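Just one chain is shown here, as structure tokens, and it is the form predicted alone.
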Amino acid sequence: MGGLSIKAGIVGGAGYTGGELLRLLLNHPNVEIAFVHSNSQAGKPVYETHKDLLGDTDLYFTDELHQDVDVLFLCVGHGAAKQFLEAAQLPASIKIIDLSQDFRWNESLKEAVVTGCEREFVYGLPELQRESIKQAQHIANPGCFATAIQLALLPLAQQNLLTEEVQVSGITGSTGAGQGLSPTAHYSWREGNISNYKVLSHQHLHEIRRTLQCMQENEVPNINFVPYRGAFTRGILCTSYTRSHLSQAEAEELYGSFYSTHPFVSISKSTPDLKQVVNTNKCLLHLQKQGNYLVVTSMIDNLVKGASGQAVQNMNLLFGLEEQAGLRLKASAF
């Protein structure tokens, strides 16, 4: 598959996830970017918005939708993806990867496929259903917090070991709020500050529960999630804990076996730090047995494994490429 050339289009290319997707696809060995759509930036060079791309591309934003592509990435806001697909007349041959939450979940907790706009969307968490993704036409890319928390809990759910409530706390960088300005996104507010938000009501809980219930035969217990806004740019760190009869060694064996064939998830023997995953498509997991509790720390880059990198990972699977193609990225160690 080394000679395969994929023509890609990006809708919503001016935001954080669109910019990150551009950076990845420009360096992907099998991808040609056919167009980058943006209503607000149409006619302007891409590098005027994403200034770090000066010298990397001569692409211009366009407000026209080109249909001569193999895959279309939707990097638009929540609710806008469904509106876009309802209005667009896209050939059935185009594969779609949606990075919004519009097609991630439905009310049926036993289904990992969502129907919308006369299309079926497969939930794009490769560590959950890699083979289904390979056969899909449309992908609903997971949320960032959802990715970090699910990767922390999937091995337990597979073995029906989620029997008591799960407590989760997680902190995310400012890019998790998107590029649009809001009172809590300003540097002057974030610097030296921290706050929680959407306590026990974060929207990603829907897809987390649906995913875990797809794996576990028994009813999934409550997942109590408290998210925090951090005074840093990018990255997510989550700590999940629940009562468990597993020993430290048994937990390490379970997680090591579950992720042995998944290239982007690694188990760290020592306590990891966020810089180990920033700018990469990695997820690092750290396991600790404290009394009767199993504590799982998970960390990802919210814009890469939590968004655009996972979208490229899904594209690789859709087109039969090596899963790591274009995603062998370097972390910032210092």
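Note that residue numbering begins at 1 and tracks the sequence as displayed. Quick caveat, the model's predicted, so the values are computed rather than measured.
One more form of this protein, predicted together with another copy of the chain, exists but is not displayed; see below.
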* Asked: Heavy atom within 4.5 Å of another copy of the chain in the predicted bound form: which of S244, Q101, T175, Q129?
  -> T175
* Mind telling me which stretch in 85 to 93, 151 to 159, 164 to 172, 67 to 75 gets its heavy atoms within 4.5 Å of another copy of the chain in the predicted bound form? => 164 to 172
* To do: Indicate whether another copy of the chain has at least one heavy atom within 4.5 Å of a heavy atom of S332 in the predicted bound form.
  => yes
* To do: Look up in the predicted bound form whether Y293 has a non-hydrogen atom within 4.5 angstroms of another copy of the chain, and give yes or no.
  => yes
* To do: Could you confirm whether G192 comes within 4.5 Å of another copy of the chain in the predicted bound form, counting heavy atoms only?
  => yes
* **Non-hydrogen atom contact A136 with another copy of the chain in the predicted bound form at 4.5 angstroms** => no
* Asked: Does any residue in 18 to 37 get within 4.5 Å of another copy of the chain in the predicted bound form, counting heavy atoms only, and if so which ones?
  -> E20, R23, L24, N27
